[in-house]
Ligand code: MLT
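Below, in structure tokens: the form predicted on its own, a single chain.
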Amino acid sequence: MARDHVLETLRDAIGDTPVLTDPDIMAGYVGDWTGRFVGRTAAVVRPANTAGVAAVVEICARHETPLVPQGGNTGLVGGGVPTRGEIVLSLRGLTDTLSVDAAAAQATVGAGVLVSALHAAASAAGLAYGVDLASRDSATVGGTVATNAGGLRVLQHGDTRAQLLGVEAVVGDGSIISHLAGLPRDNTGYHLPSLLAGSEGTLGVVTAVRVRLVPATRARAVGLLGFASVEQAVTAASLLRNGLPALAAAEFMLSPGLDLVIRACHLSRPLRGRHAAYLLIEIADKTGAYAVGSGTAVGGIPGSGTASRNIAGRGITGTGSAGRATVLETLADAVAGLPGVQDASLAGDARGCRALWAYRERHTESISTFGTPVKMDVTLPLAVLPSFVETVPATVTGIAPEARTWLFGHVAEGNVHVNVTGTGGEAEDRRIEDAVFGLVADNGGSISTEHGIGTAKRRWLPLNRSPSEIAAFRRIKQALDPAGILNPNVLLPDAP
């Protein structure tokens, strides 16, 4: 009866329509994208503005009713799933705010705006947003703030926290904090955007943000490189990161994963033969420093060009003007100087770049053809990354002989996405996570790079955070969420 009273109070405060209780409708809100985490809820509440969010939070705080804030529900660690019957506070309706200040190179964005919509608005103003990810068409800006998402070009622009200049949010008692002026220099106290980014809805419900925009890319070139070993690929990525200022992305893949993508997505083989490890690299021109030109390497990716180079036995084509290389030629020169490259396919036109990126971006959907994977998103120091990548599959099969391990990630930051399919159930999944996270911690790494902690990793947080740090986290949460209603079952481990 108490929950029914809360729902009636919510309907009185924000109207009947935004309070959803139909089980068929709510089914889309109680499970995450992976299908691994499924919960239950008495209601999904969808306010249309910040005032509505504040009313919902205040009522739930007064009645000590827990909430789970939820954006596009594309999370991978169960952070937006009502695992213990919490009410779902959906922020998908907060889409009215999307304005670009071209002069300041900033945008003010509602939490429910899709990442792809922000990209489109920035592009229309001749600018770009620095955070991009494969789920851009379903992930919301608020969700990426809550998890401090990194994405595909974190090497060039940093994670979501690095883009934040201001925030509007509702804290645990229903109070609204709003600081969206976007002043690039503002030293008036604590930087609340940094605190709320990555807090997974445990400290406040982000309703809008002010973000920095970056110059639009005038031209880009992408290369897919094959190596005989992971160590050679990591070394090459380090050399490029330290010696190529225009480097925008450096992604690594392994032979089993690339073969899977080719089969699952019916793609042609991009390089001759198979290689133990692959790098996908992108360089971007945002300054106009390169000549206008286009071209694509051989390897099944169509393109055009006149000036020819040869890299690892492949014909690399591109066009340029006297005195200035094209961005493709610059990439070709950089690749030609890398040790260990066995084969390469380079692209300098939009179609060719998209085609090469597909081999990396389509890993997740291809892996999901085997069923729901166990996903572990970790970071290792570069010095130990090759040995970790080589050790993990054997570690997994030692626990689950029938399981398959798929590894890929943002190599320049030491980020590895560890996906395991074909396990024997929840108990075996836990044993695998115990072993892999333990291996990460033993090697000085982090158990979470960009997906957050959620419900999936909270028991392992002490591997990376000391008791004093976790106690400080609890004190911060108590200050901003005194009733303890905001996503109470994620991030922090159960209190002793």
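Remember, predicted model here, so these are calculated numbers, not experimental data. From 1 onward, residues are counted along the sequence shown.
One more form of this protein, predicted together with this ligand, exists but is not displayed; see below.
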Report task. Check each of 235, 419, 73, 217 and return the one that places a heavy atom within 4.5 angstroms of this ligand in the model of the complex. Result -> 419
Query raised in the report: With this ligand left out of view, which of 388, 359, 408, 129 would have a heavy atom within 4.5 Å of it in the model of the complex?
Result: 408
Query raised in the report: Is there a heavy atom of residue 451 lying 4.5 Å or less from a heavy atom of this ligand in the model of the complex?
Result: yes
Query raised in the report: Heavy atoms within 4.5 Å of this ligand in the model of the complex: does residue 379 have any?
Result: no
Query raised in the report: Might residue 366 be said to contact this ligand in the model of the complex, defining contact as any heavy atom within 4.5 Å?
Result: no
Query raised in the report: Do residue 375 and this ligand come within 4.5 Å of each other in the model of the complex, heavy atoms counted?
Result: yes
Query raised in the report: Hey, of 423-431, 443-451, 37-45, 58-66, which bit sits against this ligand in the model of the complex at 4.5 Å between non-hydrogen atoms?
Result: 443-451
